[in-house]
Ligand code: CP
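Starting off, we have a lone chain in the form predicted alone, written out as structure tokens.
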């Protein structure tokens, strides 16, 4: 894959060497993400951050990543604040906004919408989630997190054992993660969901073709035993035609410390793309897991910044120029002890 000047729309664009290249750039950017050093390598560049669905981590981390590279961010956070509300097409919006931006990040509720937007854009576009289809940057940061967590136990991405738990039908983060994991060898995957929320058949076929060992179950305890990673996702109620239909699945697959202790290996890592649904009738990750050192959800969120920095650096062709503009920070980072 040639990153420079190109869109990032799907995990299908990546092979293992592309992932390794991205992760290598991310490793070099960690001091900048943690604010040990600063760079202005994208000074003068403008990111069009267009989010037509609610978002916290993805929107803020894309913006923060661009700022940390020295660039400026312009945002749209809902359809009602854009001319799409007046009937303007995505193609016209793309033509106009790509004249104001050097790169665009787009989230949109319709499957395939980012691809259509990118076809009309004059600058690179990064998919930040299109309906229930894909979320490539989430899969990349998830894989980066998995690799870092496994390395502490002297394991790697080949031979991974992972349980995917929750709404596997509509969870776009899960869809992209399945695609990226299919590129690795001897992966064992437990798919834990109610029958109605099972992984779509086309993705199951892709896993089978890639020789991923797949076990489907509705039983949480069965699915999370003998795995390296538990990846939990919430019920994607915004994808249901009737919100009441979503309610019957909420809370069915809730993980707490007692279930973890009884069924998991001591170093099993717990992940979640967030937001987790903390309402009492859902609570897919119980608060009593806060004290568990294997709860990696906040480390996972932090990794979103460095991965998205690496994506910007590669797409805009500055990955080799970052150290040339590096300098120490001028302020104190973090709280005093």
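Positions refer to the first chain, counted from 1. Every value quoted in this text rests on a predicted model; they were computed, and no experiment measured them.
Note that the form predicted together with the ligand isn't included here; everything after this is about it.
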Q) Is there any non-hydrogen atom of residue 58 lying within 4.5 Å of the ligand in the model of the complex? A) yes
(Q) Contact with the ligand in the model of the complex for residue 44, defined as at least one heavy atom pair within 4.5 Å: yes or no? (A) no
(Q) If we define contact as a non-hydrogen atom of the residue within 4.5 angstroms of the partner, is residue 273 a contact of the ligand in the model of the complex? (A) yes
Q. Does the ligand come within 4.5 Å of any heavy atom of residue 233 in the model of the complex?
A. no
Q: Would you mind picking the one in 179, 108, 135, 169 that has a heavy atom within 4.5 Å of the ligand in the model of the complex?
A: 135
Q) Tell me which of 48-56, 31-39, 282-290, 64-72 has residues with heavy atoms within 4.5 angstroms of the ligand in the model of the complex? A) 48-56
Q) Which of the residues spanning 206-238 lie within 4.5 Å of the ligand in the model of the complex, based on heavy atoms? A) none
